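For reference, the chain that follows is the form predicted on its own, supplied as structure tokens.
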């Protein structure tokens, strides 16, 4: 089985920024990427759309290709969607040897010390930090110390072991905000070219955001 990369989020709604970075990560790392919608995100307000509505949007957006896939395991748990718990479950399912790669934006990565059992994440997964080309952000001292001995510049290194490496992965920066899209839809504006065409082809998929003013 190939290594697996995972990208979490609320996907409320899924938009072209999510899909573009997932596709670029899949290409750069030569792995399939799984999108994991959170049920109860620990670090942000609850989603506007229900789990079923977000799954319907994701299924429509991902249809017709197989490099970016949907994984609903976090929606199947009632408790908060802690990444540690998700990775622990994936290890139980896939075994200790399969490389797992957690995809994180640079800002989210810099905030890692606020996450549940964050130091133990490196025992469960590699981390690919999604960055702008040429961008070099600063990290809190406690995170920088942990990361210093784990950094690699080789995507291949993430295939050679199951977990523990950190790779900066430049991706195309698409500054698309789900909250802006929700506000546009609430005002009756057209989000064309911000969200996948499949969401516009079935207007019912986005109706939930028309009543959030």
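Numbering follows the first chain given and starts at 1. Not measured: the values here are computed from a predicted model.
Heads up, the form predicted in complex with a small molecule isn't pictured, but that's what we're talking about next.
Student: Among the candidate residues 178, 162, 147, 60, which is the single one with a non-hydrogen atom no more than 4.5 Å from the small molecule in the model of the complex?
Tutor: Residue within 4.5 Å of the partner: 178.
Student: Decide whether residue 17 counts as a contact residue for the small molecule in the model of the complex under a heavy atom distance cut-off of 4.5 Å.
Tutor: It does: once the small molecule is placed as it appears in the model of the complex, residue 17 has a heavy atom within 4.5 Å of it.
Student: State yes or no: in the model of the complex, is some non-hydrogen atom of residue 7 no more than 4.5 angstroms from a non-hydrogen atom of the small molecule?
Tutor: Yes, residue 7 is a contact residue.
Student: Spell out, yes or no, whether the shortest heavy atom distance between residue 174 and the small molecule in the model of the complex is within 4.5 Å.
Tutor: Flag for residue 174 set to yes.
Student: Contact with the small molecule in the model of the complex for residue 132, defined as at least one heavy atom pair within 4.5 Å: yes or no?
Tutor: Within the cut-off, so yes.
Student: Hey, of 25-33, 148-156, 179-187, 62-70, which bit sits against the small molecule in the model of the complex at 4.5 Å between non-hydrogen atoms?
Tutor: Only one stretch passes the 4.5 Å heavy-atom test: 179-187.
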